[in-house]
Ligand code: GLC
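We begin with a single chain expressed as structure tokens, specifically the form predicted alone.
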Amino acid sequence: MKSCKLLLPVILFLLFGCFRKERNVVFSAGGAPNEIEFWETILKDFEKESGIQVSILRQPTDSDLRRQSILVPLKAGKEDPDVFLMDIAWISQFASADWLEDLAPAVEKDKFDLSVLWPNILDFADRFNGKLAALPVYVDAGLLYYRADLLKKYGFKSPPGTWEELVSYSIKIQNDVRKTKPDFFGFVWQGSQYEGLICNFLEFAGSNNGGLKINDSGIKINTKENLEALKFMTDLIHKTKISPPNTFTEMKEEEVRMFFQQGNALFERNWPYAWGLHSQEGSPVKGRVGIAPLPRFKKGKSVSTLGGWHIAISKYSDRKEDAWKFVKFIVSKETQKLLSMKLGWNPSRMDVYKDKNVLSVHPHFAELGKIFTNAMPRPNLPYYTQVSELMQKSINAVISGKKEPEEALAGLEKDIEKLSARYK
């Protein structure tokens, strides 16, 4: 018995060693149950084509928990997961920590065609300090949903091109609809204190030629353009009152989506996922909704905050060659079409948006492709999450009426300067 106890660790070590040598590529992904189920199908297709086995490491649905579940093994230098999906906002942090494998050598060796991917996404999101840190898998960007039936009824031939027009259309239609529907509002958007608020602010500010200006002297946010945009956001709730009073307390993506889908709003700012839900059987607005680029200020241009998920290979992976083959498979046209047709995902490849089979299922993709061309990512900073937290508090304080815009932006810029100084 004593001899058996002494031999057991040796046997386990030998078995573990064999397992490590022959182990599968480990792919970390999260999402809804139907998404995980479909990933399993894709893994089987890849195994059939390549002979390489891939195991899925399930992550939580919540985005912050998903980020944390990847951070832990990367910080520890673990071999697993080999490949993982990242929210676009995490790329700069992970890349600056030197956790991501540079994909450029593999791209060059295999002559992988990057021209099928949006150059603005590759340049501003996936490249970091001269390295190709990731590739896009699922593309997202803010857009304007509108009640096409109501615009037509009240004599408007097209959705608003400027924010001023959006306010004008909203006031006219809101005032009349409220005669029979008192809780109707002109425009719903994400104003609660979370990351979605920053996406909205960057769109308002960017469409006024503003936003976060990053240069050698630091990060500028206290600008005339940003001040005008922030005042406009505040006026939507408190002055023109075309946005609900709970915008700054409750309005996140789903709250906005449900409010609009129940027929309670003329315009909605949201991500492309809402289209499928607005169009499903039983939706009160089915067949009555259109999509368009977000409006702009008179001297600016339409800007959409870029979102989505990107795929990367861990620097600590011991299966990098096989992992790269898997990455290529995921961004191939065939797989991107499947993700689009089966899950309704917005593909990362431009050619899929012209595919007749895809357009027959998702006709709105023709419009989405144009919007993604001008989409801009959030600032490519390693400490972006901390910057965002500072912005969330200050901007939410303004639109809730607790702070004046001038005071908030001046204080915010000083706080960001202190934060960035710690990282220099």
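For every residue, the number given is its place in the sequence shown, counted from 1. Worth saying up front: this structure is predicted, and the values here are computed from it rather than measured.
What comes next is about the form predicted in complex with this ligand, which is not displayed.
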Checklist entry - Exactly one of G210, G308, P244, P81 has a non-hydrogen atom within 4.5 Å of this ligand in the model of the complex; which residue is it? => result G308
Checklist entry - Can you pick the one in E195, E225, E255, D102 that has a heavy atom within 4.5 Å of this ligand in the model of the complex? => result E195
Checklist outcome for this item: Here the chain appears without its partner; judged in the model of the complex, the stretch of 69-77, 116-124, 308-316, 170-178 with heavy atoms within 4.5 Å of this ligand is 308-316
Checklist entry - Mind checking whether each of S63, I88 and D140 has a heavy atom within 4.5 Å of this ligand in the model of the complex? => result yes
Checklist entry - Does this ligand come within 4.5 Å of any heavy atom of C199 in the model of the complex? => result yes
Next on the checklist: At 4.5 Å between heavy atoms, is F259 in contact with this ligand in the model of the complex?
Outcome noted: no
Checklist entry - Does this ligand come within 4.5 Å of any heavy atom of W345 in the model of the complex? => result no
Checklist entry - Might R378 be said to contact this ligand in the model of the complex, defining contact as any heavy atom within 4.5 Å? => result yes
Checklist entry - Against the shown form, C-alpha atoms of A125 and S302 in the model of the complex: closer or farther, for a change of 3 Å or more? => result farther
